[in-house]
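Both blocks below hold the same protein chain, though in two forms, and each is given as structure tokens: structure 1 and structure 2.
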Structure 1
Amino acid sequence: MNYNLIAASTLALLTLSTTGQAAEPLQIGISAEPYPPFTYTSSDGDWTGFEVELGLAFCDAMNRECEIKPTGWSGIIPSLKDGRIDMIMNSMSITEARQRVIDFSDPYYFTPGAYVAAKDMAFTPPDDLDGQVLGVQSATTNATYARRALRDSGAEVRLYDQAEQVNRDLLSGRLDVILADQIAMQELVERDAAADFEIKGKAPHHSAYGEGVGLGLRPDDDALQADLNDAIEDVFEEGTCTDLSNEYFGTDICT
């Protein structure tokens, strides 16, 4: 009898939640661990950041109400599948492994690798790489790109364990040029120690970098996926994404 009661109430709840979904606010799942400047809590305790603001802009474009729901990162895909959240929006790269489990919206941002070299060096990647010593951090998309795409460029690729070792050897002159995530490089060239260095260019789209970052969705949520893709397009056309990106990163990372 008890079991029947539980089953009945679960069924009722399920029916309620499915019928009421249109009116219910959508739950945007973000990582409970702050990931500044993409998602973090402001001084008054509310979540903000590039992805929080962008996500709310998507909801506005869809005319839907949304709530930010912090969820432990390691359990964020199960939470999506269980229905506790409706989408994942926290710099989740679209990868083949994840695509076997969940669906993705169109990518909404992409940070390519950026080349940094001395200001007084005439350098246009990838043509001028011949004979240069290029540093990358191993086990990153940039390392894969350097090995795969720049193999015949004539550059000598050196692999480091830590990003800071790469930066240091560039500043000390042991490396001619480095290739690393654009946002990190933006931060590097703003340092006093790197006053003589500048971003020389970006790496083009390449399979090594994946397809970019998209919203994670339940595979059966086709309607939401279609709405979101339209919303992403609208928000991009309005320039909202570019504005937010410039505000947070000083550069445009919207794809």
Structure 2
Amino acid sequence: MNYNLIAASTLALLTLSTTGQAAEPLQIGISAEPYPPFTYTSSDGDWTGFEVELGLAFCDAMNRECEIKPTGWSGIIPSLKDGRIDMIMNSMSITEARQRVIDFSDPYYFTPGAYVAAKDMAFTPPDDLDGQVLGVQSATTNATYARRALRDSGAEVRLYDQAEQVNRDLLSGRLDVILADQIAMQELVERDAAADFEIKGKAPHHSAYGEGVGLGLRPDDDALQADLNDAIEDVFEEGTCTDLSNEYFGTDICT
């Protein structure tokens, strides 16, 4: 029996198998519910936005092919842990509670929460929350902040599955005020439908908001974590993050 030939054939098969696995695209999980201007669908149905473009820039820096995989927000962490996606890139703040379940890359942006209400409403948060109906998207740092810091404010807090549901209920008068990411709220008040609304104030720095926004990863993906951290550094140094931030927000939110 030619053991050298068998060994060579086995090595070749292993090499092909490893190469095939390495070539598989990384799955970037984003919420299936649009979150403009971070993630949303364009007129041709493709996903785009600040985080979509930035995530693909990170993949380019890693010389890896990536695919955008929309996933329901409430199930996005289980999808990561089950291996259906390889990373979460959807404005997910790095908090102690989440770090007990998943790992994170280095942060790539940080913005505080902001309150939006009607322009003609005399409202200074959090002092004027008593008696108001406040809308917040569930499973977010703003919901955590509302639960921890606003429970004695006198506000009725309503939780929603999707950010656009919160926005619609504010614009239709079913909510008095909403609390959400400042950048997303800046985009909201610039819409024609929100001409009568404005940002009334920002939430203070609080532990609920964590250390900034990072990519969510499985705890055992040390190699991917290291590659992503290097990619984040490279993309920042070459100015891509700042360019995308200025394009989408008119300011630099990159950390």
Partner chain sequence: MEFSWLSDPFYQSYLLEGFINTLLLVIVSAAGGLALAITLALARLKGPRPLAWCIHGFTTVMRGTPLLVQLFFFYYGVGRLLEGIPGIQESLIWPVLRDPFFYGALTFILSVGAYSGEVIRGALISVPPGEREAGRAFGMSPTQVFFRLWLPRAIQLCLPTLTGEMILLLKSIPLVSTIAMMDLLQAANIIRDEMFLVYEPLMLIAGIYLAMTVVLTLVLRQVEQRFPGMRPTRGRRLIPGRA
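Please read all numbers here as calculations on a predicted model, not as lab measurements. If you superpose the two forms and keep the largest set of C-alpha atoms that fall within 1.5 Å, you have the rigid core. For numbering, take structure 1's sequence and count from 1.
Asks: Just one of these is the form predicted on its own; is it 1 or 2?
Replies: Note: form predicted on its own is structure 2; the other is not.
Asks: Using the core for the fit, does the CA position of W73 change by 2 Å or more between structures 1 and 2?
Replies: After core superposition, the C-alpha of W73 moves less than 2 Å between structures 1 and 2.
Asks: Align on the rigid core first; then say whether the Cα of A139 has moved by at least 2 Å between structures 1 and 2.
Replies: Yes: A139 shifts by at least 2 Å between structures 1 and 2.
Asks: Name the rotation angle of the smaller rigid part against the larger part between structures 1 and 2, given in degrees.
Replies: In whole degrees, the smaller rigid segment turns 55.
Asks: After superposing on the rigid core, what is the C-alpha displacement of R168 between structures 1 and 2, in Å?
Replies: A shift of 18.4 Å at the C-alpha.
Asks: Rigid-core fit: what Cα movement does A208 have between structures 1 and 2, in Å to one decimal?
Replies: So the C-alpha of this residue moves 6.5 Å.
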